[in-house]
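Given next are two forms of a protein chain, the same chain in both, each as structure tokens and marked structure 1 or structure 2.
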Structure 1
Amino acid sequence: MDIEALNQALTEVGGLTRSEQPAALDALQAAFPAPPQREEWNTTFGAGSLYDAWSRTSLATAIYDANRTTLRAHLQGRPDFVVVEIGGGNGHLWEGLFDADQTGTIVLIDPLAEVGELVSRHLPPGVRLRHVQAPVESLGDLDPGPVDALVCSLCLHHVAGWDSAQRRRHGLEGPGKLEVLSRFARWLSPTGGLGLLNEADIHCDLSLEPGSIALRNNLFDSYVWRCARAVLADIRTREDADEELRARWLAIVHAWCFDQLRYADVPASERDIYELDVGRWLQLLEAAGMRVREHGFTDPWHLFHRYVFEPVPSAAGSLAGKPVSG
């Protein structure tokens, strides 16, 4: 496939009016078909997987680098620390993070056994892994604390709805993002507990109805205009990537970027992606009893935003009943 031609075609699609973009993107996908795929996106995480390729993109490595820097400084000099990670991926976050003599516990919350095995490979002997095989929203009774640090990177957007009340209005049971983040506030140590949240700057949660122009536009801006172009830039310019890795990156452009637009028309409960933009994430963290110490984009495409926060014990959950714009 001619990557330069694909990149140019995508640039031309971005220059069209909103009403013209969906048909133009369909034509682009027909002209540049996806390479053969050996897996569904986000179903396997080992070597050679699409996720492994994703973890090597400039977008992903920027997130890892920022989180490693913060965690390394925060955990230094803390023997027997406790860190919670929500969704471990391929364990790449922990690669080279700890000193050989550090001691502590990683509490990994992830439903897949494979992920626990991958994370454990990156931990030194003194850091033990406790793997809780379950989705985080099902763990209302879990008490891993007091937790020194918590990392939730590109996971919470799979939880639909601002809170349980909004979920019920859409026929869904269980906790929403507010309840999950409120648990994080309870888990984090009130004396020095630190949380890291990484999510894309895009609003596509339950409040946007299927088929709405706003939903389609937001998905296009995030997954096509920012994410796809960033991955294509890696394919075109990264000298450290071989042809096999570039082929997997191209599969990601199709499977995780272009194909995400189909979620604009499915029922809200089947969307799988329920992101919030920066303003809404900040409001939600405050409502969950967090104080955001710093936040900012980790990539030049202004796609992924990172929030560094700490619990405010006296305020935790105090805004749960306050009307919010989810």
Structure 2
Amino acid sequence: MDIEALNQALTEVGGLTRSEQPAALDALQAAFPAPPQREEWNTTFGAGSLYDAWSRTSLATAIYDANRTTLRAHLQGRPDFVVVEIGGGNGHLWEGLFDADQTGTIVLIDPLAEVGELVSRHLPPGVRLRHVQAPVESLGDLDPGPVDALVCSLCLHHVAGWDSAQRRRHGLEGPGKLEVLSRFARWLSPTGGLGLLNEADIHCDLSLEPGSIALRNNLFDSYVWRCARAVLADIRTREDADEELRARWLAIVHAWCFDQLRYADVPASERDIYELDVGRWLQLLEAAGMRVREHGFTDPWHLFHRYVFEPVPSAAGSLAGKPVSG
């Protein structure tokens, strides 16, 4: 099946009833043979990886461009700035962001050693990297010092659950998103620093039970209807992409978009992605003591949403009296 036929067939699946879509999508995936390169999400990020190809899609570059513009303006005239990044991926955000003579520190929170190496390649000599090699939810005691800005792009959805209470109801220990965001508020509070959060607009967190129709529909809307079609549009139209990059983008459509629907049926603790939709992220940021200054989609498919926020003075980090939702 060539790429135009695949795109057409996928558009037709979108026109079916909800109950017809799963079988039609299975048939389409079977007619579209698995590309040779398979990689689990978030396992490797270097040159030639699927993540490297992902970071060059129009969906991803729009996120980096928006964040770079905000960070560049915010860090201007702040010698020896400190920026905390949670989840660095291949470090693409930092490519070309700084002037050669800029000075400061990036505190990178990411469990993978490879990610530290990849981020450091994009930093000029005056910008030092402090890599805290651990999952963010394990860092309740971390004190990063005065923080000018914090960026958490496509990472917080790895933390399951609205808060620790909801996690407990699903048999999980430890902090949920609310507690992690409240830490961000605490780190940003002394300086009134700026926070950036990028996440897809899709509700697939713990409150949606495995096998539920709502979960399946939401995964379809996000990973297939918006994400797969956006990557297919790049394959069809981006003249700067060579055959090898197009092949890796096709592997992403197969393995990272279509295959995501399988997560609708696994136990909730194994889902790997626990996204929220825009209304819920806004509610959560407010509950964590943040004022959202600006938010909006970064792509025309309305997949990824960006939240620009700062801690509310004195309220930051306080969980008291905040409603549990999600």
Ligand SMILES: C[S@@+](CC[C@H](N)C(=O)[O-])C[C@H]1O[C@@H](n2cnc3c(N)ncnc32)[C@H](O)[C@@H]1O
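Computed from a prediction, not measured in an experiment: that's the story for all the values here. Here, rigid core means the biggest group of C-alpha atoms that superpose within 1.5 Å across both forms. Counting starts at 1 and follows the sequence of structure 1.
Here the form predicted on its own appears as structure 1, and structure 2 shows the other form of the same chain. Core-superposed comparison between structure 1 and structure 2: the CA of Gly211 stays below a 2 Å shift. Once both forms are overlaid on the rigid core, the distance between the two CA positions of Ser189 between structure 1 and structure 2 is 2 angstroms or more.
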